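Here we start with a single chain on its own, the form predicted on its own, put down as structure tokens.
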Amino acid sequence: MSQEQWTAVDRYLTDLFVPSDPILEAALRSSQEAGLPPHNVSPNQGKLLQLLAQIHQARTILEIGTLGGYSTIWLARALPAGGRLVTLEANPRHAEVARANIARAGFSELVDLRLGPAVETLPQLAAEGLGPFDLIFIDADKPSNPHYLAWALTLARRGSLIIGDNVVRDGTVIDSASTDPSVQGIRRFNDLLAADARVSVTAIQTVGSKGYDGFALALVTGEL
């Protein structure tokens, strides 16, 4: 199997199940034109996030890592009337692009975008009493994933779903001797989830237009 074939199959599935969407396509285009890194989820993965939020009947969502707002829009579309989404972004330029994309999608009133390092904004959310969140999506700098997980659990409740992106990293996650801080951050994140009796966890490997990676899915089953 090759990247070319993965991309072709991804395109086939996207054409079948994820119809062309001018709002989402504009979000990707504006992000690219602004020079943002191409780290957004793929259309199929965005649809997966939306479906997971809908299946879970999430009314409150926390996203750690906004980038250009592409996944934010997917998640916001899953919310019912009266729902809310808080998304955290450290980079001012990324936040500027994301705000415009979110506004174009019609979600400015529903989405609360917080600018600043998540290590600072997460404690602020707790201080404001904004939790617990029904669904938390972690997709930011990987060395900080253990820290983000600790705050996710603080801002969750029994029944919350925590999703971690990029937990396979082209298979490098199995290299315990890796000197890559992102790999070590993901390994520590995975180890913490595995050791925590309050969560039930699995992970899935994914291939497609974004390469070889995966998601971790953690359901909070115990009292926090």
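For every residue, the number given is its place in the sequence shown, counted from 1. The structure displayed is predicted, hence computed values, not measured ones.
In what follows, reference is made to the form predicted together with a small molecule, a form of this protein that is not presented.
- A residue is said to contact a partner when one of its heavy atoms sits within 4.5 Å of a partner heavy atom; Asp112 fails this definition for the small molecule in the predicted bound form, lying far away.
- The small molecule is not shown here, but in the predicted bound form it comes within 4.5 Å of a heavy atom of Leu67.
- Contact between Leu88 and the small molecule in the predicted bound form is found at the 4.5 Å heavy atom cutoff.
- Mapping the unseen interface onto this chain, His39 counts among the residues with a heavy atom inside 4.5 Å of the small molecule in the predicted bound form.
- This chain appears without its partner; in the predicted bound form, the one residue of Pro146, Pro117, Gly83, Pro132 with a heavy atom within 4.5 Å of the small molecule is Pro117.
- Proximity to the small molecule in the predicted bound form, defined as a heavy atom within 4.5 Å, holds among Leu79, Ala140, Leu153, Ala105 only for Ala140.
- Only one of 39-47, 171-179, 53-61, 155-163 lies within 4.5 Å of the small molecule in the predicted bound form by heavy atoms, and it is 39-47.
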